[in-house]
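Next comes just one chain, in structure tokens: the form predicted alone.
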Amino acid sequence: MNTFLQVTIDGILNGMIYALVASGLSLTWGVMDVINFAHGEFLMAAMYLTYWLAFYGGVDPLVAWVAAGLFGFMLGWLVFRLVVVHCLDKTPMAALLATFGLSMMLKNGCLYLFSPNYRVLSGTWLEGKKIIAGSLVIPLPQLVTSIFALLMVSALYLLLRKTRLGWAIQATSMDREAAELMGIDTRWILTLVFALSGACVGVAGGLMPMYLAVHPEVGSLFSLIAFLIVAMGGFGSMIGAFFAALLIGLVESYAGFYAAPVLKYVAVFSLYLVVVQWRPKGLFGW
């Protein structure tokens, strides 16, 4: 029983991180109908920023996440203004191909600048710390990152549901032309949404180097999982993305422990295929 609880806790912690990474993608996909293929590379860039701040400046990730979040926000804002805005009135494939090119540029740029070596932070404030309750062990870095993820996702949900800005975002998502007739500056709203998406993944990238190695390919898997979560939860549904992330985290953990580590992603993708066969629009899609 204790083993099952330990595996469940590990799955929930991973799922919370996935939820934070996927929430930003859910925003851009649901509001703008834009697939940001460079989403994982935003995460990778934020992780490198945190790593170098800690390595050269001695700034712990528990502080550097603020800079990483701001970096993600500005990166999202800049990418929208320079790249995505020119694809809005074209087919969805235009934005996908443009951001795919951006992802290749970011990944290979980091590969050239920093080499493919895995870089691990040591001496962080929470390194090696854990909470022990009987036979259960909860690593503190993962727990703190999960708490941040829960707070960020909750704040994003409240922003969308309880504020005038959130209502403007929802109106823009539903009917951009009608929103403009109501006086909403939809171009500014779309820019802000893309920047918020970058901020979410930036915060995740600011905290994850506490326990995860940094390298140019680190964002690829998270990007793939985020796409899976958004599709499984229902396009544009924050609640759907959150519960789909938890479900994927648990399935990954159970399959990795009770079957074999190499089969955990087989289980995750199998679950996705079952869900889309049963609910093509996702768990919370409409």
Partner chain sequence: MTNNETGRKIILSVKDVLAGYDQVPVLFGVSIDVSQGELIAIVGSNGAGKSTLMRVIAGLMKPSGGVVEFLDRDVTNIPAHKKVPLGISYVPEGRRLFPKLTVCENLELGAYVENERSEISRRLEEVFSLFPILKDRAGQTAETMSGGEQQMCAIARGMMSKPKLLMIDEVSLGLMPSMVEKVLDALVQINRGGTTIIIVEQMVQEALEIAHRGYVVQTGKIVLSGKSQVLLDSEEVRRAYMGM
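Every value quoted in this text rests on a predicted model; they were computed, and no experiment measured them. Positions refer to the first chain, counted from 1.
From this point on, the text means the form predicted in complex with the partner chain, which you will not see here.
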Where does the partner chain sit in the predicted complex: which of 209 to 217, 138 to 146, 175 to 183, 119 to 127, heavy atoms within 4.5 Å?
175 to 183
Partner-contacting position among F114, Y157, W77, W167 - heavy atom within 4.5 Å of the partner chain in the predicted complex
W167
By the heavy atom within 4.5 Å rule, which residue out of L151, V83, M105, A171 makes contact with the partner chain in the predicted complex?
A171
If you check in the predicted complex, is A195 within 4.5 Å of the partner chain, heavy atoms only?
no
Give a yes/no on whether A98 approaches the partner chain to within 4.5 Å in the predicted complex, heavy atoms considered.
no
Any non-hydrogen atom of C87 within 4.5 angstroms of the partner chain in the predicted complex:
no
In the predicted complex, does I189 have a heavy atom within 4.5 Å of the partner chain?
yes
